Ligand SMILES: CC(C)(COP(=O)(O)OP(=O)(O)OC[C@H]1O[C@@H](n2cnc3c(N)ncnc32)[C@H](O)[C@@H]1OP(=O)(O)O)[C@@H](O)C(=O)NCCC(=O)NCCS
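First comes one chain, alone, set out as structure tokens in the form predicted alone.
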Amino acid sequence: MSAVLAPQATFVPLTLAHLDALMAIEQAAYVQPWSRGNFLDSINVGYECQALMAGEEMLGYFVVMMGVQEAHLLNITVAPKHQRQGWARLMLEAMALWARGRGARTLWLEVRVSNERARAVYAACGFHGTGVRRNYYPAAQGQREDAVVMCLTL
């Protein structure tokens, strides 16, 4: 009898030392990835930037911005080889706890209309759709894609 054991994971603040590993994941996970500058800016302005690590391996990461009694998820990514293992849910739970601890009443996000898998994960975690932002995301060949706005009441 054999069992597959999930790696032990911990959250650590994202630093400049993580950027190479993070960018490799970002570029593997998305057709339209964030730039290195997007992550540098997020770290430098003090957004909540966390890496989910299993030893030296990055499983995923998230970037959250606080507002007045609300938090806004800017980026959440699980490394492609670690997807469908529950890591996104774990990161969503962690950021909800973090946001609640800072007085947020809601956690907001946008997700591509075409990203049905992510939308299903968000819905399973209690997020609900509140609207659509037209032409929000860049898409292939100079096109734009709509975003579904979702909210979790904390």
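Keep in mind it's a predicted model, so treat the numbers as computed, not measured. Sequential numbering from 1, following the sequence displayed.
The next section is about a form of this same protein that is not shown, the form predicted together with the named molecule.
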{"query": "Options 85-93, 32-40, 63-71, 100-108; stretch whose heavy atom lies within 4.5 Å of the named molecule in the model of the complex", "finding": "85-93"}
{"query": "4.5 angstroms heavy atom contact with the named molecule in the model of the complex for residue 115", "finding": "yes"}
{"query": "The named molecule contact in the model of the complex: residue 124, any heavy atom under 4.5 Å", "finding": "yes"}
{"query": "4.5 Å heavy atom contact, residue 45 and the named molecule in the model of the complex", "finding": "no"}
{"query": "Contact set, 47-76 vs the named molecule in the model of the complex - heavy atom within 4.5 angstroms", "finding": "76"}
